[in-house]
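Consider the single chain below, provided in structure tokens and representing the form predicted on its own.
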Amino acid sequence: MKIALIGSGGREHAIYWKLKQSFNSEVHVFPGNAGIPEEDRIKEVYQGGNFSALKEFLTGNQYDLVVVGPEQPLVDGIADALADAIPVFGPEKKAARVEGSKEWAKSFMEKYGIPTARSFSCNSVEEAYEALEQMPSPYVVKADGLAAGKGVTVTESIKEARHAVQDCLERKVFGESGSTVVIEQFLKGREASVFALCDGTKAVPFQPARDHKRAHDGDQGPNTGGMGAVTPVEYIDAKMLNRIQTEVLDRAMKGFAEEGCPYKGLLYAGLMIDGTDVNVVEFNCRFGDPETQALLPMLDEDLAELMMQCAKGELKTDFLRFRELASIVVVVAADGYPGSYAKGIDMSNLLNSQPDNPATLMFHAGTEIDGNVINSTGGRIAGVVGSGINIDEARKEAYAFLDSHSVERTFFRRDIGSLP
């Protein structure tokens, strides 16, 4: 099977690594990063937005499947542009609105009875201030559109909440993505992420994972795209997973079908678990990063075959097998992330090293290679994955490798895998 994988981050490196284990698979990444062998990287064809050139290249070179990693091309309609020529693992533009517009997603959830927080959509500062007055503290302010994981503010201070509203609606910090803000009731509980493979009719879940979004230990500091993740999740049992299936995933699949956009690809449900209650914080239209880096090494299935079945609307299984181990990923980031940070950090001491233990893996994120030197190109630079018989053992593996391969001007959290 000849597969085109779109993207360049840690998620895409993990997907590439897993797809390469599939029988007789040939995988090319557009454009990839320094963790992908040069012969499997195609940098010139697709730099974002030009779907016609990509389509011409893929059909001319007889690819069998396209796997889309990031959310932006899905929201922009890459699946619609390619679907008549080649199977695509990823939802069409209309379905990708579930991530592309928080306002649409909230309306969708309310319409189809998917449990979620009370919210208001506001297009003016005055509307948003009024909505904040109707919500108890802590306050949640979200830019409606895509904002690279940085469009959400959660604060005890109404002054900070108003400042976040102004950032969106007046200062245009997030451009058009912030032209509408969603003011949402704060949900108590513990977070979890449940991914599901979808074929337009049914959703088959992965085992749950949970990520750590705050920059610093103890869940302190600003929200990031994710500083680490762990699987499995101790507070989700079979009974809770069944509720997530019936109340979240099944209702979502029914809703997409009724909206005229059957969902094919990976549906990500970001959840809040409070005792026996479950609520959806957000839906995403793609694999989560960094959870994917912890989950895929545990998946005991042929991912390429499953993705092809989803793209064709004929997923044959109702259950995914996972190794009976725990896995964590610890993200290495540039000092200053998610604010301003340096690029061009020499990561060779970490990323040119080979772990002695097969339970330890490394996935590149924001990297590029110059000769034998691997330099950083982004805020999140790499992920180190450890696995073991339990979460404590997995943590030991990951942190032992990180501690013996330090890199100046970078940081990582030391409490990934700890319970919230």
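In this text, residue numbers run from 1 along the sequence as written. This structure is a prediction, so every number in the text was calculated from the model and none was measured.
Another form, the form predicted in complex with a small molecule, is not on view; read the next lines as being about it.
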| property | result |
| --- | --- |
| One residue of E282, D250, E305, E103 in contact with the small molecule, assessed in the model of the complex (non-hydrogen atom, 4.5 angstroms) | E282 |
| The unique member of M272, C261, A131, V204 whose heavy atoms fall within 4.5 Å of the small molecule in the model of the complex | M272 |
| Heavy atom contact within 4.5 Å of the small molecule in the model of the complex, the stretch among 181-189, 196-204, 326-334, 89-97 | 181-189 |
| Interface membership of N223, the small molecule in the model of the complex, 4.5 Å heavy atom rule | yes |
| Contact of A215 with the small molecule in the model of the complex (heavy atom, 4.5 Å) | no |
| The small molecule contact at M135 in the model of the complex, heavy atom, 4.5 Å | no |
| Proximity of V152 to the small molecule in the model of the complex, heavy atoms at 4.5 Å | yes |
